[in-house]
Structure formats: structure tokens, C-alpha cells
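Let's start with one chain on its own, the form predicted on its own, as C-alpha cells.
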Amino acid sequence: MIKQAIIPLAGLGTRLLPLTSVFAKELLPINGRPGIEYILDECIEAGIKEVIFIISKKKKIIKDYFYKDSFYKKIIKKKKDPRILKEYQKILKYKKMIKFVYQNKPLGTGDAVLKTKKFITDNFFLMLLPDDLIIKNNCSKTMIKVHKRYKASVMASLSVNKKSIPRWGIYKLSKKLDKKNQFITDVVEKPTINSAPSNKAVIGRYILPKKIFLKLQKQKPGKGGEIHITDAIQSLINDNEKFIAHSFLGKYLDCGSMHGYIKSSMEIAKS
């Protein structure tokens, strides 16, 4: 069973400037709650027991958010407010399951994943990207069931508009396992519309094998001088490691852009 998850949080969030010039994008409120709490709740509901946050020194505010014990204790002692007590108890619950590692140089998602190597104990682990919210159905929970059934790595998949293909990682797919799951033969990063093997895009939920660390250790920087997780995944696929694209049932929300962030708040308020 998959019990550990990693969440890369070291990115600067430039698409949400000027808000992120002073504040971590993952703590920005979405319908009154920090976005990262939706991700943590998804993990808890999926049976995850430990979550590893990858932050940078510039994002230390995220760690501070979960370590304000003395602040809460003083307020609770003075005000006796049940709402504040409830919020503090929720923060304590999250805090117990979180570990922190640091990625102080922006060298890509693959490099961020590699920072967690010494903490991962099982053969497979979950990775969630915080810009991608999936509501109305727990994508991680379903993917863990798919992994258990087919004994393979699993990645979330979404059909995207043809015009938007160049902004996504796109799957080349082969054998269908069932209505929602299909084997992956290639992951192509940001292809042109005409060269794209499909319109099935990579979304920020991954069940990855521990052996990916061996690939990342040897991997040379790719586009933009960064270590890309998709390159390591492709290398594993080339070695006949099984990867499944899972077409999830929930509603996808992109919280990483200003338009998407505003739209996400509106969607969650309605649900």
C-alpha cells in the first residue's frame, strides 16, 4: 500500500505575481482555505500517512504556517474561541504527518524529487503538484486502487483542447486496460499541435517507483538546464517499466495562474 507522498513547493509562482512577491502561492486562500490544505486532505483521504514537502529558504513561510504553536496557544488562552481551537487542532493534525526537505536552487521537478530519496521507504510513492486541484472525486485514492490492481506506476491524464497541446506534457498511449486506464509508451514534453501523439495531457498526480531515484541521479539537465521528471519517467518506460495513464473522474482546476486561481475559488465555493 502507498503510504508516502511528496509535494514540490519550491517554485517561485511567477504566474501569480504580484501576490507571490511576498507570499507563497500554496498558502493563498481558495474559498477561505490555503490551497495546500486541499492537497493534504486529498492525501489523508487516500490513506497517506506521511507527506514530504520540498521547499526553499524563500518559501520558509510554508513551514512557519504549520509551526505557530505558541501563537495559537496564546490566542486560545485569551479568547477561548472554539473556531480558533478547531483550526489549531487541524494544523496539528497536518503537522504530525509532514516532513520538510529543501531545494534552494530551481533545478527542476526531477531535482526536487531527488531531494526526498532518503525518506522514501516503500517501492512506490505518490507525488502531487500543488497547482493542480482535482475536486469532486479523490484522484489520488483512485490512482492507488489502479496501482494496486495492475502493479504499475500511474499518472493522471486529461483530454485537452487541441489548441492548448503545446503547453502540456502529452502521452503516447498503447493498450487499453479498461475504460479509464491505458498503458503509456511515451511522454512528450510540450509538443507542437501537429507532432503531438494524442490530446491526453499529464496532470499533477503521479504514482512513481522508488527506482526513479537511480535515473535522476544519473540524469543530465534537459530543457532550460533543469532536471525534468518526465525525462526520468521516459527512461523507465524505455526499460519496460509499466506506466498507466488514468483518466480521472474529478473536476480539474489550474490554480497556478491568476485566471485559474480566481476560477478555482469560484468553483470550490459552488461545490
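The numbering used is simple: start at 1 and walk along the sequence shown. Because the structure is predicted, anything quoted here is derived from the model rather than measured.
Only in words, not in the display: the form predicted together with uridine 5'-triphosphate (UTP), which the text now covers.
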Looking at the partner-bound form in the predicted complex, is Pro106 within 4.5 Å of uridine 5'-triphosphate (UTP) by any heavy atom? yes
Using 4.5 Å between non-hydrogen atoms, is Val188 touching uridine 5'-triphosphate (UTP) in the predicted complex? no
Just checking whether Leu253 would be counted as a contact of uridine 5'-triphosphate (UTP) in the predicted complex - the rule being heavy atoms within 4.5 angstroms. no
Does uridine 5'-triphosphate (UTP) get within 4.5 angstroms of any non-hydrogen atom of Thr14 in the predicted complex? yes
Answer range among 191-199, 81-89, 149-157, 109-117 for contact with uridine 5'-triphosphate (UTP), defined in the predicted complex as heavy atoms within 4.5 Å: 109-117
What residues of 119-154, in sequence order, lie within 4.5 Å of uridine 5'-triphosphate (UTP) in the predicted complex by heavy atom? Leu129, Pro130, Asp131
